[in-house]
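One chain comes next, on its own, written out as structure tokens in the form predicted on its own.
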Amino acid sequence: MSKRPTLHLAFERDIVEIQAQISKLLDLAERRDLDVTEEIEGLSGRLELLKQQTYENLEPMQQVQVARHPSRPYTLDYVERMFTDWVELRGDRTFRDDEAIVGGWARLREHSVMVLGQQKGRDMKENLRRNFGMPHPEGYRKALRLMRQAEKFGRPVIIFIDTPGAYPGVGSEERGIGEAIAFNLREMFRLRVPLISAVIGEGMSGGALGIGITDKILMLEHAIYSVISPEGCAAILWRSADRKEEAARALKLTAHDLLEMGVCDQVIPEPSGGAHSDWDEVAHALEEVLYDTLSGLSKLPPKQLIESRRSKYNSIGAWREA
């Protein structure tokens, strides 16, 4: 089981203080054999109310912070809690295995599925190994290889999106990162099996879209999905990352914004205090929605899947021909 960091965001300060009070009371009660039930109940009530009030009124940039929270569950944390018979598959059969993207066979209740997703690290050593969840070209080629394998056996694909973007380094460019993402976009429109994506953290730019062309797009309540990060947008438009709050509001990157605009299909509520406060609860909620979505898509013939997938993306956004 993954080790959870204990870092906290600035706006969580009051929540952390009450949690610390509860911990101290419990420790005192254990050491001195005291009954602190009444005090604990009072503090627990205050804690839940404070969590609810805090997380119901987040600004877009605060939503970005929650989506990037280091204690938030990552792809393999969901795999551990939602699936059985997990068998990881590695390598793109061309260059190497990119550990920023993980994938393999698993079982979601009675459904045999291919599971894919970006994976970040919990400490510096793991983050260096997984490149902070930023895939190289071989990561996208591995993902497509596994999706084609799923198509060969007529199995659905479930994809977890959580990346700050594709890796923009020299080696990545030399090996064709743009071509790898573009090729995936084209080929995912042609796959004859159900494809479901769930944005579990941050879905940034083509790095997210490179494994994100799916029949249904699900988002956790505090996840974000955008063509660019608020910092990057502010640096381009205003030449200063200090205006990232303004950029975050303009980008409309929150789950509820994207649901309203018709980009995502369903928003999955997170526990009070965010997904990082209760991994098991958010995994259970996501599993239920994934199972229901998969059960519905599995009834559709391949031709209808492809046609509806294309129609879905053609309907996103607006344009005018001159």
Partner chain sequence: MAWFRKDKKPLTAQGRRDVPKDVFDKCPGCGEICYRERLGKNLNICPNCNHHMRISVEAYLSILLDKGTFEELNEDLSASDPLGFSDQKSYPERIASAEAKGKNEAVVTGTGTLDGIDITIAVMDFQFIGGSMGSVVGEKIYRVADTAREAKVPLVIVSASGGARMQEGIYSLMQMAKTSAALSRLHDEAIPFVSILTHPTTGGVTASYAMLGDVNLAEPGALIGFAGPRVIEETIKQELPQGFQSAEFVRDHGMVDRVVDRRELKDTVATILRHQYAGWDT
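The shown structure was predicted, so the numbers you read here are calculated from the model rather than taken from an experiment. Residue numbers count along the first chain shown, from 1.
FYI, the form predicted in complex with the partner chain isn't displayed, but the following is about it.
- Taking the partner from elsewhere, every residue among I236, Y313 and A318 has a non-hydrogen atom within 4.5 angstroms of the partner chain in the predicted bound form.
- The stretch among 81-89, 122-130, 247-255, 98-106 whose residues place heavy atoms within 4.5 Å of the partner chain in the predicted bound form is 247-255.
- Taking non-hydrogen atoms only, V263 approaches the partner chain to within 4.5 angstroms in the predicted bound form.
- Although the partner is absent here, E179 lies within 4.5 Å of the partner chain in the predicted bound form, judged by heavy atoms.
- Among heavy atoms of P164, none comes within 4.5 Å of the partner chain in the predicted bound form.
- When the partner chain is considered in the predicted bound form, T75 lies well away from it, no heavy atom lying within 4.5 Å.
- For the options I213, V113, L218, L146, the residue carrying a heavy atom within 4.5 angstroms of the partner chain in the predicted bound form is I213.
- With contact defined as any non-hydrogen atom lying within 4.5 angstroms of the partner chain in the predicted bound form, the contacting residues in 159-174 are A166, Y167, P168, G169, V170, E173, E174, given in sequence order.
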